[in-house]
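One chain follows as structure tokens, the form predicted alone.
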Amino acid sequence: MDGTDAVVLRTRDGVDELIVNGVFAMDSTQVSSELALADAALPAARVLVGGLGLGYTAARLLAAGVEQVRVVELSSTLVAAARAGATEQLGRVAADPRVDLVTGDIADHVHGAWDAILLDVDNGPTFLIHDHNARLYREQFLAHCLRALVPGGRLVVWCEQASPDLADALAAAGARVEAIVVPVTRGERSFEYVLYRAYGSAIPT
């Protein structure tokens, strides 16, 4: 999300909703893929997360015992809302001493040595909300992420559908890649989100 985006958090009938520039982003009724994104990073001690959302990925990491979670979120409005406890979940995440909540572009914050890096900043390369995020799904940036992992670390990218081009870019960056399909049902609609998990040169057996 762009730092100047119009971000609206609202609660209707007990359901938290995140709206960006008038477009539905997510709500608290169906968060299975956000939880699966966190699970794909485990086990891990230090995790870098691109994209805050409603805080479910970060909360899952914390519940699993991750020692440090750095969340980089481009929307200053959403970060401020989390720190103000706009929803119970966001408030818990922002208040947890293991969480470093940063306002910024994830592309500027990939440095150090992480057990896992999780990217959930857009819908994936096949259906971008913001064109400037396209660079995050290209070989150069993905290779940069892989270099910021400890041996055996994992880079996991959330996508709203399968993206062979992303899998190819990860492979070209030197990673072994696996796709994790997350079936989702919303009302009468059923579809599949896809997580791409990539391991760098030091691959666990």
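What we label the rigid core is the largest C-alpha set whose atoms superpose within 1.5 Å from one form to the other. Residue positions are given as counts along the sequence shown, with the first one as 1. It should be emphasised that the depicted structure is a prediction, and the values quoted were computed from it without experimental measurement.
There is also a form predicted together with a small molecule; it is not shown, and the following applies to it.
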Here the chain appears without its partner; judged in the predicted complex, the stretch of 149-157, 61-69, 44-52, 169-177 with heavy atoms within 4.5 Å of the small molecule is 44-52
Taking 4.5 angstroms as the cut-off for heavy atoms, does N133 touch the small molecule in the predicted complex?
yes
D105 versus the small molecule, in the predicted complex: is there a non-hydrogen atom within 4.5 Å?
yes
Is the gap between A40 and the small molecule in the predicted complex 4.5 Å or less for some heavy atom pair?
no
Quick check on L195: any heavy atom within 4.5 Å of the small molecule in the predicted complex?
no
The small molecule is absent from this chain, but in the predicted complex, do V20, E34 and V121 each have a non-hydrogen atom within 4.5 Å of it?
yes
Superposing on the rigid core, does the Cα of G22 end up 2 Å or more away between the shown form and the other one?
yes
